[in-house]
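Taking the form predicted alone, here's one chain by itself in structure tokens.
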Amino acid sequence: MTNYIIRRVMIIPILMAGISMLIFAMLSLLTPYERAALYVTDIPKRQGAIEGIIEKYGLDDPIYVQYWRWMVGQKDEDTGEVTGGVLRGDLGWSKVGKSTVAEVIARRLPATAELAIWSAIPLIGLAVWMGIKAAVNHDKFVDQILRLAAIAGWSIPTFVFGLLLLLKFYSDLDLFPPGRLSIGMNEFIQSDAFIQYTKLHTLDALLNLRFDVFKDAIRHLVLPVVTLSVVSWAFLLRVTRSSMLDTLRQDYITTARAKGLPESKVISRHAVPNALIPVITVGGLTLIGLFNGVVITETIFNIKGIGSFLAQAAVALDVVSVLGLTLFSSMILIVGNLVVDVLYSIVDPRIRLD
């Protein structure tokens, strides 16, 4: 297992290097004047300021020279200080966020992470359980109901479902408001009386033993979690059901039943572990997508996470922010795929020998 993980980890720098080259190639399509935005923190106040930045940072140098400088940083000839550089965590200046892209990601990631974690609970737990239930009861009433629910859930656009939930449960019933916290609770967590350990409101509320904050945070999470879970849950249910049906038709399942094993043991010990491999793939990629930020859901429910910021940056043509978030999302995708590979090896030990 250790050697398997080490081999996968060793691939990460190669993948990140390739992705960074691709992203920089996209950046190089811009003119030197547009690329100067990487180093501008305010509107230039004097004539020739942009030209000075282009000359100072060599934005008209050969592409390979610019790439190296973009990765490792720029050395100031006067002070000798090295500034910038992706490897130093400098992804450029965000005009929309009015700070560095790295600071914007650090500020917005907790909201996306909290939404993703809470969405994963019903998404994976219910979808896998219902998919197995539907396959075991193939063509029976339970199977028909779950298939109908999955098709309906997968067919409804996310923004339509989210807006309908807002209209009913917030506008009409005033039960589950958008955002992350109410105004009063948001002011309280910013005070000295509340310690923000992780900036995940639900977890910090429990660590501070403030169950009123926890309750308020959960109220705000209900609608976005339901919106994300229903669409992704429907697809994962169908994948689980299909994989389980294929597994139940295998010869070793027939042999296990012929030996007189109880049906519950045939399902739990023989069918489910082998049916989970494609489910891990789809579930893992779905969770990676959640952590990368769900643009529509965060925008509809006014959650200031990675997804909503990406939408704002794209609308404002903030190229630096979009490329910085793309690089960050690529890193999450690579690490997430590593976790999926490890889960593969746990579910199916034969994969470790590949």
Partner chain sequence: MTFGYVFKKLIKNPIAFIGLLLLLGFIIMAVWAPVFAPVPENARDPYMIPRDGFSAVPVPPNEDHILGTTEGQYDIFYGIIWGSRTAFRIGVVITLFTTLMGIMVGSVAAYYGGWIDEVLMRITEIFQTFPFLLTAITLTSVLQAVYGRGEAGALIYSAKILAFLTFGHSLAEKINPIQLTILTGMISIIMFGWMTIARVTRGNILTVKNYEYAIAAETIGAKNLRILFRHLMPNAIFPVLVIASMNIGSYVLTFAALSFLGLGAQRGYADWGQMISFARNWIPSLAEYSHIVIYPGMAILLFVLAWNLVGDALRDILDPRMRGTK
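Numbering follows the first chain given and starts at 1. Note that the coordinates shown come from a computational prediction; the quantities given were computed from them, not determined experimentally.
Form predicted together with its partner chain: not shown, discussed below.
Distance criterion of 4.5 Å from any heavy atom to its partner chain in the predicted complex singles out Pro157 from the list Pro157, Pro273, Pro262, Gly125. A single residue from the set Ile277, Leu167, Leu207, Ile218 has any heavy atom within 4.5 angstroms of its partner chain in the predicted complex; that residue is Leu167. Leu148 belongs to the set of residues with a heavy atom inside 4.5 Å of its partner chain in the predicted complex. Its partner chain is not drawn, but in the predicted complex it has a heavy atom within 4.5 Å of Leu163. When contacts are judged by a 4.5 Å heavy atom cut-off, Glu34 counts as touching its partner chain in the predicted complex. Contact between Ser329 and its partner chain in the predicted complex is found at the 4.5 Å heavy atom cutoff. Contact with its partner chain in the predicted complex, judged as any non-hydrogen atom within 4.5 angstroms, is confined among 254-262, 208-216, 131-139, 112-120 to 131-139. Residues Ala314, Val315, Leu317, Val319, Val322, Leu323, Thr326, Ser329, Ser330, Leu333, Ile334 are the ones in 312-341 with at least one heavy atom within 4.5 Å of its partner chain in the predicted complex, listed in sequence order.
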